[in-house]
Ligand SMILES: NC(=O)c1ccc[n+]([C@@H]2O[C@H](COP(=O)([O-])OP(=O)(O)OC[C@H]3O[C@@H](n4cnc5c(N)ncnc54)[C@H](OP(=O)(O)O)[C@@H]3O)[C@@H](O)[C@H]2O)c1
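One chain follows as structure tokens, the form predicted on its own.
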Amino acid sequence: MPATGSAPLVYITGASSGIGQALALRCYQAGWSLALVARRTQVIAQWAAQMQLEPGRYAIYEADVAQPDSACAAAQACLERQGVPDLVIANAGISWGVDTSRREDLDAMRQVLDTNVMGVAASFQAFIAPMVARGSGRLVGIASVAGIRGLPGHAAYCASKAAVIAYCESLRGELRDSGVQVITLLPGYVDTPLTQRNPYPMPFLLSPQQFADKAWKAMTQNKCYAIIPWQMSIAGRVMNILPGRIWDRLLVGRGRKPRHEPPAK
């Protein structure tokens, strides 16, 4: 596949479904070239054909971001094939309910942390030095409103997204004055396979396309931190300041995230 030419390039992990796929389409419609990363590369290829994407404007890379060597290899392949991206969106993630009173759920929790936290850092790693050398670039970490406070059954997911928020904030401080921006996006509820099993109300639920439109605005307006949608931004501010006892009371009667069932042996 030829190089992307003069079109800006976006590198997106978790591009085979949900938010990642919607962000890819939004960027493509804005005239960007795509570097699309996922474990299920055939799904991306089928989607790209269905959307009739121009062959010269996208490339597909296979990676499991929970494995740092795999994530870093995909990023290096992008550098060699398409060059230094203008925008990197570390979106790949999983949401599994856990019960940490059960030994087997510790393994599920580790997988969530490896994917959602280490996956973000590993997705950025290869691009940081080239972006700094160039003096420009944007690194976007997809966190979650769930990273602000803990939710029943969501220990793994909430902990991982809290870590993403803190990691991106730390990285932003490290890269200050380098010309490289670090942006943290915190979606509320988005209608994806990750949320469709939730047994509780999901206020202000967005489609992936609605989220992608709002995220695009946040990224192009150079915000360093944005909760999407704005209604959830208000809720997020309230969540931040509520005393623990009041938060605990608000959770009384709330359904918990269904426990992730490990595959049968």
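Numbering starts at 1 and follows the sequence shown. Model, not experiment: these values are computed from the prediction.
Beyond what is shown, the protein has a form predicted together with this ligand; the following relates to that form.
- Of the listed positions (R26, R39, K214, R57), a single one reaches within 4.5 angstroms of this ligand by any non-hydrogen atom in the predicted bound form, namely R39.
- When this ligand is considered in the predicted bound form, C168 lies well away from it, no heavy atom lying within 4.5 Å.
- Of the heavy atoms in V65, some are within 4.5 Å of this ligand in the predicted bound form.
- At the 4.5 Å threshold, heavy atoms of Q181 stay clear of this ligand in the predicted bound form, well away from it.
- When contacts are judged by a 4.5 Å heavy atom cut-off, Q82 does not count as touching this ligand in the predicted bound form.
- Although the partner is absent from the chain shown here, K161, G188 and P193 each have a heavy atom within 4.5 Å of this ligand in the predicted bound form.
- In summary, the region of this chain contacting this ligand in the predicted bound form, judged by heavy atoms within 4.5 Å and restricted to 219-227, 27-35, 233-241, 57-65, corresponds to 57-65.
- Of the residues in 12-42, those that come within 4.5 Å of this ligand in the predicted bound form through at least one heavy atom are, in sequence order, G14, A15, S16, S17, G18, I19, G20, A38, R39, R40.
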